[in-house]
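The form predicted alone is given below as one chain in structure tokens.
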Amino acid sequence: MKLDDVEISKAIIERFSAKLLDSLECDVAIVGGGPAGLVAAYNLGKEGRKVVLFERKLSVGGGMWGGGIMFNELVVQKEGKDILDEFGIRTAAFKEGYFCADSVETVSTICSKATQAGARIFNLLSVEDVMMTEERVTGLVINWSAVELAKLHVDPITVRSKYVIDATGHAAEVAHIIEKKSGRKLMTPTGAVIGEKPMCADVAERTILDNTREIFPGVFAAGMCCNAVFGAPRMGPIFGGMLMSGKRAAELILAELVGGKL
């Protein structure tokens, strides 16, 4: 068969357009494709929920690719290992309570399993705003990352969702947008993003699950975003808490969906 260059282009445009159109309304929209966002997407997708994830960079995986200081090996504790076991990711014991995994295997496997579970992942798309009623956040406002980087004045489009997960890591971007633009308080002791404290892996890993919760009606925090919003320490190059947080965020939203809250 002789290949036609224009038909190749048509295939890309038509297939992508169909995917994007079908994603403009969903159960859960996730912002950020790091470990927490990907694990949340997997757990929501495998339960049959329509979940869409937006990542502004070309690649997903967040800091997992680089392990620590670009040594592409990552560390998890026992609870984190249990999640890697679910994905079939190989681990090696280092010392009691410390387990290592290859970063490339981990990211590629979780991403693959999430998409196979039904999650739809869009890279190179940035979230620049939220849609909101008087009661809650009802969706996201998205634009191409290239538009954002070039500082072009190009209007965005919107995505309607029942729930949003802020998995944007240290930046806590969705939380900051809500705080800045809504004039309403977040569900934190101060009503605002408190900001992360200096690194302490032990405390951070123990508090991240407590901080994985609703931060504004319709919006849940997952991953390092949780500790940034609630003022807990950063955890550094250990990834178990972020994996567990993604799973926990999915469980909380699934409970509300099953319970008929929306």
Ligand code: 48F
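Numbering starts at 1 and follows the sequence shown. For clarity, every value in this text was computed on a predicted model and none was experimentally measured.
Only in words, not in the display: the form predicted together with this ligand, which the text now covers.
Mapping the unseen interface onto this chain, V229 falls outside it, with no heavy atom inside 4.5 Å of this ligand in the model of the complex. K78 falls outside the set of residues with a heavy atom inside 4.5 Å of this ligand in the model of the complex. Of the heavy atoms in R206, none are within 4.5 Å of this ligand in the model of the complex.
Using a 4.5 angstroms limit between non-hydrogen atoms, P217 is distant from this ligand in the model of the complex. Just one of H170, R160, R90, K180 comes within 4.5 Å of this ligand in the model of the complex, counting any heavy atom, and that one is H170.
Heavy atoms within 4.5 Å of this ligand in the model of the complex are found in exactly one of 118-126, 180-188, 81-89, 96-104, that being 118-126. In the model of the complex, the residues of 47-80 lying within 4.5 Å of this ligand by at least one heavy atom are, in order, F54, E55, R56, K57, G61, G62, G63, M64.
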